[in-house]
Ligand code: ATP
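Single chain ahead, written as structure tokens, the form predicted alone.
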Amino acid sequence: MENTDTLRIAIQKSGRLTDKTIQLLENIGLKFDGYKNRLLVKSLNFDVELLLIRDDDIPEYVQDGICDLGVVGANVTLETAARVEVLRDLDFGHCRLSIAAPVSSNTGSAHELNGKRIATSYPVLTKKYFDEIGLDVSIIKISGAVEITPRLDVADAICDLVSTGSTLKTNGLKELETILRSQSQLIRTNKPLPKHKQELINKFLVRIEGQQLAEKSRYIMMNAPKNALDKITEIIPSLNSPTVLPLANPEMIAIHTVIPIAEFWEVMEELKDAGATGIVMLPIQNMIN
């Protein structure tokens, strides 16, 4: 496929990362007029196009410069050993690559699988793991439905992606060892890019950072006695100094700030004890730190 002056981004055609990837791109300002059942999709407002392909092909397309960027799971990039630059983790599509064996077996650890047959869609990562722990196993490459292979006596154990673990339980398997924790990543070709493409990539990186920061933060508003300001300022883990506004009651003030959502629940009771009232927490669409 001929490359163009348009920044081309490879994303998964259909699967667990597709909708999340499109949502991320739209959240950072890109607009698309649908993408279902299409190979190439042009952005309506940026010099960008999406190439929708199998996730297994994304690292190679980026490596070869057919696409400038790609959004793909770290597990795929590592399995293919593609020569690409990882620009940043995207904090969605979290999963783990794990060794699992039948519940009915006596196997209690991956270290007990010497000489056994291991079915997997990730032969490179699986072999690397067993080589590192010094076990000689037979790797059986399977393109799909790996979890059923022990029941068919095709394998003694498996190495497969796990999200919740429900698929393993459904197929009578128990998780023995996690060999890789993965999430979606933004990868870049190592091929030289023209200045306008690099500028666009830099702009997207700033926006993605702002989007990720916004998802983990909340805008907090509260009222408090004026004499409680110093104590409340010490309590709130704000990104910057809070905004303080006067109220109709001269003895009261309004305090506005942005804090990490995880820390809000830890300090909420402390804020109330310090005199804060009417505490309101609001989501943030996007932010630049």
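One-based numbering along the sequence shown. Predicted model only: the values in this text are computed from it and were never measured.
The next section is about a form of this same protein that is not shown, the form predicted in complex with adenosine-5'-triphosphate.
Put simply, of A274, L25, L17, I9 only one has a heavy atom within 4.5 Å of adenosine-5'-triphosphate in the model of the complex, and it is L17. For the options V124, C95, L200, I148, the one in contact with adenosine-5'-triphosphate in the model of the complex, meaning a heavy atom within 4.5 Å, is C95. Segments offered: 207-215, 128-136, 190-198, 70-78. Contacting adenosine-5'-triphosphate in the model of the complex at heavy atom distances within 4.5 Å is 70-78.
R54 belongs to the set of residues with a heavy atom inside 4.5 Å of adenosine-5'-triphosphate in the model of the complex. Although the partner is absent here, L161 sits close enough that one of its heavy atoms falls within 4.5 Å of adenosine-5'-triphosphate in the model of the complex.
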